[in-house]
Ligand code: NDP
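In structure tokens, one chain follows: the form predicted alone.
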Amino acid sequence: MKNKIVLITGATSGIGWATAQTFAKAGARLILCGRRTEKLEALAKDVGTNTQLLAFDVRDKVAVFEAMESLPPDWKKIDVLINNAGNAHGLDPVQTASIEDWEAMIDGNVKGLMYVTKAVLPQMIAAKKGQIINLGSIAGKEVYPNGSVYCSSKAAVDFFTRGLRIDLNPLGIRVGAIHPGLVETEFSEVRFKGDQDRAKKVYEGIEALTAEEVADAIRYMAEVPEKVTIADLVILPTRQANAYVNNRKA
């Protein structure tokens, strides 16, 4: 990965932050994207490597394309795109769920990922090489109670990835997705709108994955030989069997 240009969305926390650290150790040049400028600046200082910072919201189509266009010419030849930005809002049955929560998840997890991909693709197509790694979820493989729209959004990521791989295969661009199970980050705090007690219960009795462990798997996907594509990788804590079966310690 040395000197390769890696663009990471949602870099300001959790898996995105850990992925930036992991790729920095591998010697990559990093384009770090997120909504919070102060967090991006802190991350750039933390990784201590050659970086470009792009502050925008992936849900804003115009902002996405403007941000990519603003990159200096020698930073536009992106080798690896890691579509990590996403969110979960609420855990409610359809009949009582907030439509605003639905829109936030669909706009971020699905449309935002598509916008960034579309904005980055032209230069990969011109170079006839590149790699796209999308962050899905075990929730995109199996539906769990009260998660219908979040699960739908991650299923969309799964199927978009599959279609993208077919479309880009003749062009020499590799496409894959990683689908983590329970990862202990601020994910659940966001889902439960800052309710830390409720968020902690999600991980009780389970040694959840860490952001660093997921980041290491992403780096593995990126570092295999170019003739190899890790197309679909599901990664779970050992105590988690699927999206809703968890062997919690008593």
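Because the structure is predicted, anything quoted here is derived from the model rather than measured. Numbers for residues come from their place in the sequence shown, where the first is 1.
Keep in mind the form predicted in complex with this ligand is missing from the figure; the text below concerns it.
Stretch-level contact analysis of 80-88, 95-103, 118-126, 167-175 against this ligand in the predicted complex, using heavy atoms and a 4.5 Å limit, identifies 80-88. Although the partner is absent from this view, L32 stays clear of this ligand in the predicted complex, with no non-hydrogen atom inside 4.5 angstroms. Put simply, V183 is close to this ligand in the predicted complex: some heavy atom of it is within 4.5 Å.
Put simply, I15 is close to this ligand in the predicted complex: some heavy atom of it is within 4.5 Å. In the predicted complex, I133 stays away from this ligand, with no heavy atom inside 4.5 Å.
A heavy atom within 4.5 Å of this ligand in the predicted complex is found for exactly one of K45, K200, R36, K193: R36.
Within 4.5 angstroms of this ligand in the predicted complex, the stretch 145-169 places a non-hydrogen atom from each of Y150, K154, taken in sequence order.
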